[in-house]
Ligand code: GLA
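Only one chain is included here, represented as structure tokens and corresponding to the form predicted on its own.
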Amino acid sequence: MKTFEQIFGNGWTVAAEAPGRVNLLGEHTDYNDGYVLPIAIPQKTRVFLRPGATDTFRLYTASLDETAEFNLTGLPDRHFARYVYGCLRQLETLGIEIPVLDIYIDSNVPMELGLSSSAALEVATLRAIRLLLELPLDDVRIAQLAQRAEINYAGVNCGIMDQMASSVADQERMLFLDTRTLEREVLPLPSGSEILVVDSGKKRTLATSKYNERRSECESAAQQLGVTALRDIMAPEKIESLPDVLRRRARHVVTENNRVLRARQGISPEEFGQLMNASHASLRDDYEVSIPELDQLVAILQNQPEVYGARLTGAGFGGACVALCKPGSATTLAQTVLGLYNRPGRKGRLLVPEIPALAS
């Protein structure tokens, strides 16, 4: 791996980092003004930067071994650079003058698996610039700027969950977040449990296009029901007047919000696991964002006696699954599950707990 000095000559001035996240409950609810329950993961994105020595921004990402150069007058050609570019442009909207920068990215947050690698990059970038320029921006404002960067410059009409989780969550506790008001509360995991995250080995192929499509469907459902967002409906029977597809989309959001609110109350790992299982079934059947590989991996997880519950996590159409399991069982459990899941052509792997030999 090339170092900052090898790419840019001299050393960096400031550095900052931000974690990826896994969402335990509350999938596809954040852009409906709903409730979510993420937790940070060990994998992080680190951003090193310094004032530039040229008249263009220079960006290098170690994980891709790719370089991009751009200025603030036009969107970069390289897609990975657009997340950084968007952060810079959002700071400009606050009247902040951004000097030309040399930026080095080092990340082990897996990409295209639903673990918020883009949010980690955005938050780490904004934190580094905050440090360099001594900006009076708190972590919530950082998250809001990161969200606008992704919407306006990366083309994903995302909610606030990923950026808030990357900016304010930790690895030990769940973050309950009301995405409308940004009310938040840190909560312990259910007593006698730990988190297991497994990569299905299938990259998310339709996630962006279907994500925007699902958001549009939810907005149509809310409009037909006469509410600002589906978050405003808590009783599933109130959506029965909708056409079939919109009714199923809305039913997922309404029931998922209720699952998060139930989990917030402090429940047993067994009940929490049941909520996760119900969440996956809803994502598969009503929201239609699962694929056969995710369904099979979840089924294998759910059939293990050490597992309380499991579901896909992230936008769907590939990516990772998350399980709540008995403490101390995750690593051995992953070996069993992957032994049953992997076959020729499949490359499932353990992500959390992070094993150094398996870390990407």
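Quick caveat: nothing in here was measured; it's all calculated off a predicted structure. A residue's number is simply how far along the shown sequence it sits, counting from 1.
Note that the form predicted together with the ligand isn't included here; everything after this is about it.
- Taking a 4.5 Å heavy atom cutoff to the ligand in the predicted bound form, the contact residue among 201, 76, 159, 269 is 159.
- For the residues 317, 70, 31, 48, the 4.5 Å heavy atom test against the ligand in the predicted bound form is passed only by 31.
- The ligand is not shown here, and in the predicted bound form it never comes within 4.5 Å of any heavy atom of residue 85.
- Proximity of residue 104 to the ligand in the predicted bound form: non-hydrogen atoms within 4.5 Å are absent; the residue sits far from the partner.
- In the predicted bound form, at least one heavy atom of residue 26 sits within 4.5 Å of a heavy atom of the ligand.
- Proximity of residue 80 to the ligand in the predicted bound form: non-hydrogen atoms within 4.5 Å are absent; the residue sits far from the partner.
- Of the candidate stretches 48-56, 308-316, 323-331, 292-300, only 308-316 has residues whose heavy atoms lie within 4.5 Å of the ligand in the predicted bound form.
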